[in-house]
Structures are given as structure tokens and as C-alpha cells.
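Here you get one chain, nothing else, as C-alpha cells; it is the form predicted alone.
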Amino acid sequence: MLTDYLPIYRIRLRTERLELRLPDLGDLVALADQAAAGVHDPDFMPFPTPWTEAEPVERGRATIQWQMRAIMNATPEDWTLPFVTVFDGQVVGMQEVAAKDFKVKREGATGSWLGLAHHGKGVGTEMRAAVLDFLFNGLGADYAVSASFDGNEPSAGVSRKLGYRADGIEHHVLRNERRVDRRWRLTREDWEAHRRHEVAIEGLDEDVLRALGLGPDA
């Protein structure tokens, strides 16, 4: 079975409305379809790498390639889990969680996108809440971090709602312009104070923990 060789495929995160899982081939095609159909207003680029400026087929292809690379390049010291988000039986977007040297740092970063047709339904908040529970409750994190460009109020709003605090800024050059990227940091205490969703974590066994740089003695 695939999970014998890639134990991380055992992970399932379930909330009231959502399931998050690593994608099989069918999920990848469905995610690519969402990317091809559009994930944000074309007048505002929310990503430091403007991958959504490509033609629809190229956006879909790049989505599949990125997901596969992230999964296959994961090591215990440096991993990204690019979960697909399933809502009402349909893949609607992607919620990643990533970490380097997690066993020591106890810190993970999140990033996500949703197909345009699924914006405004609270899905973005719920899927971020799922991976935060995975980080803090499942893996024992002390911190979670995220970032959003100035003007990306939906993303910043999710961060505030879930208890993140402002954590400084960075500058990026995008379309030959300087853009302000606002960092957000969530402590375990603030996460516990702002929990809004019950999350069931499935498949987090010793093999998976070892694949993420942890284990029974961590």
C-alpha cells in the first residue's frame, strides 16, 4: 500500500464540514480544475510568486507539479504537507502546513488558497483551524506563523479571528512594485483561547511522527 512507503498519506483531518487529506491522482485533477477556474480577483495578486498569472491549463499543471514535488521532497527535517480541502464531497482548494527542524523549533507555517466559487463561506477559516489543531494538538507545536500582503483582508481576517498577532513585515518585489507582506504569529495560548472548530485527527501514528521528525521520545 502507498501508506507503507509514504506514511503521511494516513493523515486525515476532519471538521464539522471539511476533510483535509493528501491528494491522490483524482484529487490532483480536481484541484487543478479549481486553479484553472481561478482562485482570486485578477486585479489583486495575493501570492509572492505570481503563479496564477499563467493560462488556465498552465495554472492547473503547475498546481499538480507543485503538490507532487512537495510530497515527494518531504524529509523529517524539512516538510510540507499540501492537503486538499474537501467540502460537500468536492475538492475546493489547498491548505498547506510546513516546517523545518520542527522537533527543535516547534513552529509550523501555513498557506492556502480556495477556488473562487467557494469564497465567502467560512471554508478558509475552517481549513486553517484544522491544520492549526494538527500542529498544536497533534504535533505539540508552540507557534504557528502565516503572512498576507497588505490588501488581502480575507486572509488577514482569518488570522485575527483565529488569534494570531502581528509579527512584523517583509517587503517583496512583485510586478516591479514593492509590496508589504505582514507576518502573523499564533502562540499555543492564543490558539487555545480562540479555538472555534472541533477537529478529528486520524492516522497520526508512530510512522507518521517519525516522517515528520518526531517520535515517541520527542
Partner chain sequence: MLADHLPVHRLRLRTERLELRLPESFDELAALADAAAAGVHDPDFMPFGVPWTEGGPEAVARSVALWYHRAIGRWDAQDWGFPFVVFHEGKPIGVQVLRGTRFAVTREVSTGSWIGLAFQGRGLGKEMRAAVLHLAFAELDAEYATSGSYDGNGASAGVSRRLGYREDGIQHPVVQDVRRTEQRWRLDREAWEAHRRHEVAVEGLDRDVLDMLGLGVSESDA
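Positions refer to the first chain, counted from 1. These numbers were taken from a predicted model, which means no experiment stands behind them.
Keep in mind the form predicted in complex with the partner chain is missing from the figure; the text below concerns it.
> Answer yes or no: in the model of the complex, does the partner chain come within 4.5 Å of a heavy atom in every one of Asp24, Val29 and Arg61?
Spot residues vs the partner chain: full contact, yes.
> Only one of Met68, Ala193, Ala166, Val180 comes within 4.5 Å of the partner chain in the model of the complex by heavy atoms, so just point that one out.
The residue from Met68, Ala193, Ala166, Val180 that makes the contact is Met68.
> So in the model of the complex, does any heavy atom of Leu6 sit within 4.5 Å of the partner chain?
Heavy-atom contact with the partner chain at 4.5 Å: present for Leu6.
> Determine which one of 106-114, 143-151, 92-100, 69-77 lies within 4.5 Å of the partner chain in the model of the complex, judging by heavy atom distances; exactly one does.
Among the candidates, contact is made by 69-77.
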